[in-house]
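Have a look below at one chain only, the form predicted alone, in structure tokens format.
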Amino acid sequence: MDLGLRGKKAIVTGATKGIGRAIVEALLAEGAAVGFCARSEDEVQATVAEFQAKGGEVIGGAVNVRDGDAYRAWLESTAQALGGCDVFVPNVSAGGGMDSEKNWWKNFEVDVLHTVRGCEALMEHLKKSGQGAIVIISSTNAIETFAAPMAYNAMKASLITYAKQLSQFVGKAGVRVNAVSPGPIYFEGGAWEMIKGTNPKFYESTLRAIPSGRFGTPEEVARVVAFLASPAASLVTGANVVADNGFTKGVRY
């Protein structure tokens, strides 16, 4: 299937590793031009060089999304450099943790506020696209009880509500908004690799809860995101697509 992404301009946050990197790779493979960010200048430049060596039209920048002014400036300069923005994927996350109240502030600023700021900053570009699409990265931690009560779970849940309500608000302007909720995703340097080493019992119990007996991969999530971001998914907006390999057990009508 031709997703219709060739020639589109996309912006992805947090994309030097894991799901974000896989999303950039998937969009580039479909012929989109992509701008992305991460915090480390060295990692950004190395990732840009790798993608450009494969023929991808890609630019990158180092930015801390918690710095609202710097983040907005990067978004605008990236959209200008690309010649617009048709697709926005706010992917950056502060991750889990429950050691103190600081987790709640960090997850709010990184997971929620960076998403909201990005959508607001890029909305005029997305409206001008005529086929604008936002794909917000949530988590299955938002839709079922998992591990323990923590900021990550609650903030990811708020993003699903935000995606649904935003989709209704901007739909008449030709912008679609969806969320993707990945289940446990394993990759080198990721959270589940760390958990495997530090808490093997929890790792194994999670693995047993997945019907196929394996974790998902960033590439599998990226393919879902690429579809939702594309004109091929023109009928889909306001949805939360669960990409969890059967990990969650709830029935959602």
Ligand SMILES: NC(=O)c1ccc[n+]([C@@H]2O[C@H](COP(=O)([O-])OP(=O)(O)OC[C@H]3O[C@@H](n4cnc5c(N)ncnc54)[C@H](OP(=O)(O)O)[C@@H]3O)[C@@H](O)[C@H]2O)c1
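All values reported here derive from a predicted model rather than from experimental measurement. The numbering used is simple: start at 1 and walk along the sequence shown.
The next section is about a form of this same protein that is not shown, the form predicted in complex with the named molecule.
Across the proposed site, Lys17, Glu43 and Tyr152 without exception bring a heavy atom within 4.5 Å of the named molecule in the model of the complex. In short, of 222-230, 201-209, 60-68, 24-32 it is 60-68 that has heavy atoms within 4.5 Å of the named molecule in the model of the complex. Shown alone here, Gly132 lies farther than 4.5 Å from the named molecule in the model of the complex, counting heavy atoms only. Contact between Pro182 and the named molecule in the model of the complex is found at the 4.5 Å heavy atom cutoff.
In the model of the complex, the named molecule sits within 4.5 Å of a heavy atom belonging to Arg39.
Although the partner is absent here, Val92 is a contact residue: one of its heavy atoms lies within 4.5 angstroms of the named molecule in the model of the complex. In sequence order, Ile137, Ser138, Ser139 are the residues of 128-149 having a heavy atom within 4.5 Å of the named molecule in the model of the complex; the partner itself is omitted from this view.
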